[in-house]
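For reference, the chain that follows is the form predicted alone, supplied as structure tokens.
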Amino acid sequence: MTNFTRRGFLAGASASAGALVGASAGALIAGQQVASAAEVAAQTAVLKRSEKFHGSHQNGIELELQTFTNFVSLEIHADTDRSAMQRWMKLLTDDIERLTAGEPILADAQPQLALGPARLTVTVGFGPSLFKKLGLEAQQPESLSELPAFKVDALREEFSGGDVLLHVSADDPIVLSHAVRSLISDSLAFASVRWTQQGFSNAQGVVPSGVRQRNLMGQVDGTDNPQFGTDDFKNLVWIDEGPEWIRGGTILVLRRIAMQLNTWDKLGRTDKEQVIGRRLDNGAPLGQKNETDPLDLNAVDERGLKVIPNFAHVRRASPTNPKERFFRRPFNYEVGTAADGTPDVGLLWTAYQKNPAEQYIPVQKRLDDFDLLSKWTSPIGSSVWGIAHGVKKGNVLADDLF
């Protein structure tokens, strides 16, 4: 007579059940449907996607927008010298390598929150003020300097300036929060937080890859950007001369632009399109059908009036020479609503380029002179950052700067 044991019976039953589960979409355990391996993989696909950290350029620039972002500006302590900066960058490099792989940092206070990579990227930059503090003026590129004052500016200290920038983005808010906390924690021995600014874009799966998001004014945002991987992108964005640490890097202009949606929302569609110079439904220039159709600034309607008005934003922003272009990677922000229903919303507007003096500033000066859109928008934060080149495996961030 065969001796059946409870353990043997359960083992055999488990094996049989495993075969059945593998052949079906799922199984019931304690009355609950359990997803199959394929279903779990599909459900966690966003979490498992990753962006490589090592390369000629820092990540977080030449790629599709992540859903969530956090810009962190830090000011170095009075006793933080070049040697301390080297230690800090070495620590950050190790942290970023781990976090972008979905792993906790060393001595992580909350390792269980390192759920996965979720396309996490961390981009590190340095403000003009840092070079004076450390006596590194000889290493400061000519293209890295504070912006001039503009008439439209209503800048606030809590959104402007800083010595070191950590720009952290991911497709999951918990992964992002954990990474930001980890990076700040490992930075406090060298610097204090000056400000943080959080933003968002469309969630993954809402719009197809390559389709631009809309800002909170309803506009398609980012039209006429250089395409990834092209010579056009390379020639507009990546620096190939000057100090070694910035070759393969870029200059980032970050502007926090508040939007007055309460009054904007009172305009009709035609008025909004006239202010912008583009159709609201698909972003096409007025008088054209598709978003990527060229601007025709000379077109007139049957009344002899310009199809794109003189005051339209796109006319004022349109390049007057081929150098006046840059790569934009903006995120929306929303941080609350006043008692009267006024939302505190806007855009964390970014422009990546070789030289703002040749690319961004001429465009902004034209907008500063005459742009009807400025009636509903106001820059309240501004900063400029030199983004170091990428990191090869075994090397340290900005090791040739400090």
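Here the structure is a predicted model, which means the values were calculated and not measured. Note that residue numbering begins at 1 and tracks the sequence as displayed.
Absent from the display: the form predicted together with a small molecule. The rest refers to it.
- Here the chain stands by itself, but in the model of the complex one stretch of 238-246, 164-172, 191-199, 252-260, 252-260, has heavy atoms within 4.5 Å of the small molecule.
- When the small molecule is considered in the model of the complex, P319 lines it closely, a heavy atom lying within 4.5 Å.
- Of the heavy atoms in S145, none are within 4.5 Å of the small molecule in the model of the complex.
- Remark: Q86 does not count among the residues lining the small molecule in the model of the complex, judged by a heavy atom distance of 4.5 Å or less.
- Among residues of the shown chain, N355 is not one whose heavy atoms approach the small molecule to within 4.5 Å in the model of the complex.
- Taken together, N59, T67 and S209 are entirely out of contact with the small molecule in the model of the complex: none brings a heavy atom within 4.5 Å.
- Only one of the listed residues (H178, R278, R329, R119) places a non-hydrogen atom within 4.5 angstroms of the small molecule in the model of the complex, and that residue is R278.
- Of the listed positions (L136, V307, L91, L295), a single one reaches within 4.5 angstroms of the small molecule by any non-hydrogen atom in the model of the complex, namely L295.
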